[in-house]
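The chain below stands alone and is given as structure tokens, in the form predicted alone.
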């Protein structure tokens, strides 16, 4: 039985360590589907994990990387066959399940999805958990009545992975999209994705009244904190915000007025516990409604050998769009 290269996190005596190791294949955790991994991606949670920040990894040793794409080597599940191209996104990977920063992975069948038609493995990882979460957010807003043609939809953390994909999807679907960002230099990039207007993050995160003028038909928020509070007090009557991140902090200081006087909805987006049927439905929408040219323009590829450096960059807000990780480089 051969070995495979993996980026392994360990904790010994309370001390964190991270290093590349050659592991025997039988060291992989149990599962139904053995996958030869070709690509992974970089998400905010990956940045936390690979730099040793608390809050993500719950068991050690851990192979991080919450996304992976590759080819099935063998499967004990009738749902998958050897040679099939598959995708896994954030299902507890990098928390309690070994993830994609390795050349091999073994997963439960319930977490694996066939590679969607029309997507390569690189493009699927260009989507990754961030893009999956963006589409899940859009679908939640639609389920609560969002339709094109009304007030704008605001997307926060716009230059990040979730924000970039959300803008591209919403613009293609016919919405007027306003991008909220703290990086004014990214205005050209955001407009190329389909944003009609760019606003500074302080517009939403600054102080306000319990209710401010109605401005948004909906929102995709990956920031949380004061930004989410600002969205809630400026949502139109009966509209919703999909809350899917906390880059700006986990605390929410708001009032009940948006809920009882405007009937707005705060929609929590949990991509980790999505069922396999839900995952397949979200990927189907991604393959239909995410413009490939916009995805390509928002994606670049980097080697796994740079993962700690890249982790520091995403935590510092210095990345743009989506970073695909070549696990063999």
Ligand code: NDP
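Positions refer to the first chain, counted from 1. Because the structure is a prediction, the values reported are computed rather than measured.
The following text describes the form predicted together with the named molecule, which does not appear among the structures shown.
From the list 105, 219, 125, 158, which entry has a heavy atom within 4.5 Å of the named molecule in the model of the complex? By the 4.5 Å heavy-atom cutoff, the listed residue in contact is 158.
Counting non-hydrogen atoms within 4.5 angstroms of the named molecule in the model of the complex, say which of 233, 215, 201, 111 makes the cut. For this set of options, the contacting one is 201.
Checklist line | Stretch in contact in the model of the complex with the named molecule, which is absent here, among 255-263, 80-88, 179-187, 138-146 (heavy atoms within 4.5 Å) | finding: Contact-bearing stretch, as computed: 179-187.
Residue contact check: residue 194 to the named molecule in the model of the complex, 4.5 Å heavy atom | Contact with the named molecule, no.
>> With the partner left out here, check for me: in the model of the complex, does some heavy atom of residue 129 sit within 4.5 Å of the named molecule?
In response: Result yes; residue 129 sits at the interface with the named molecule in the model of the complex.
Would you classify residue 271 as touching the named molecule in the model of the complex, given a 4.5 Å non-hydrogen atom cut-off? It does: once the named molecule is placed as it appears in the model of the complex, residue 271 has a heavy atom within 4.5 Å of it.
Would residue 245 sit within 4.5 Å of the named molecule in the model of the complex, counting heavy atoms only?
Residue 245: contacts the named molecule in the model of the complex.
*Site test, 40, 98 and 324 vs the named molecule in the model of the complex, non-hydrogen atom cutoff 4.5 Å*: Checked in the model of the complex: no contact with the named molecule for any of the three.
Requested in this report: Between 301-329 and the named molecule in the model of the complex, list the residues on our side with a heavy atom within 4.5 Å.
Outcome: Those in contact are 314, 317, 319, 321.
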